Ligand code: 5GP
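As structure tokens, one chain now follows by itself in the form predicted alone.
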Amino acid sequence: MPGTLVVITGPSGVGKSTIARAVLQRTGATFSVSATTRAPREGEVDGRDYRFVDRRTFQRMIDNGELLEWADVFGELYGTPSEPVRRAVTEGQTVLLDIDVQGGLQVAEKMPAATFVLIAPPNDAELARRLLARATEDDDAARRRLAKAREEIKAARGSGVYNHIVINDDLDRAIDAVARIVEQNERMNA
């Protein structure tokens, strides 16, 4: 019996990666490793967190139709290699994608039977606080990310794609909610 794809999306700063990592530890889901042209951040490992590739390699992946979704995010390219995801689903696994809203909408066009989960902030002020607290970029870049985050949330809510919207106002509660969604998909495919 085929598995399922669970797409966890949301803008920068909502905690989607933190939630996805916790859900992976609590469930039998497999993580889909995205490709990116950006440099690794401290502690990130190639092949575990991302596949770090150069722009030429990423462009070849686009040209050859090897990506389920991809986006240019502030000058860096991010994308999901299609073949490992499709193979895992075919083999009966639950696969978790941790991607942005733009990518989630692209996946919906190619794999509409997937389960789509939007992670949203409790409010705009909290989103701004989280983005600024990350301190991984300067204030101008953080402001651009906040503007993009607002656009993404509006696009996601208006798309009709998302089966579930989880407000991350309490991290443990948000993790529990997403884990229940993943576990429900796993039971349906058992």
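Fair warning: this is a prediction, and the values are worked out from it, not measured in the lab. Numbering starts at 1 and follows the sequence shown.
The protein also exists as the form predicted together with this ligand; that form is not presented, and the subsequent description refers to it.
Asker: Between this ligand and 95, 164 and 182, in the predicted complex, does every residue show a non-hydrogen atom at 4.5 Å or closer?
Answerer: No, none of 95, 164 and 182 comes within 4.5 Å of this ligand in the predicted complex.
Asker: Does any part of residue 55 reach within 4.5 Å of this ligand in the predicted complex? Heavy atoms only, please.
Answerer: No - in the predicted complex, heavy atoms of residue 55 and this ligand never come within 4.5 Å of each other.
Asker: Look up in the predicted complex whether residue 99 has a non-hydrogen atom within 4.5 angstroms of this ligand, and give yes or no.
Answerer: Yes, residue 99 is a contact residue.
Asker: Classify residue 34 as contacting or not contacting this ligand in the predicted complex by the rule of any non-hydrogen atom within 4.5 angstroms, answering yes or no.
Answerer: Close contact exists here: in the predicted complex, residue 34 approaches this ligand to within 4.5 Å, heavy atoms only.
Asker: So in the predicted complex, does any heavy atom of residue 71 sit within 4.5 Å of this ligand?
Answerer: Contact check for residue 71: yes, within 4.5 Å of this ligand in the predicted complex.
Asker: Can you name the residues of 14-52 that have a non-hydrogen atom within 4.5 angstroms of this ligand in the predicted complex?
Answerer: In sequence order, 16, 34, 38, 41, 50 come within 4.5 Å of the partner.
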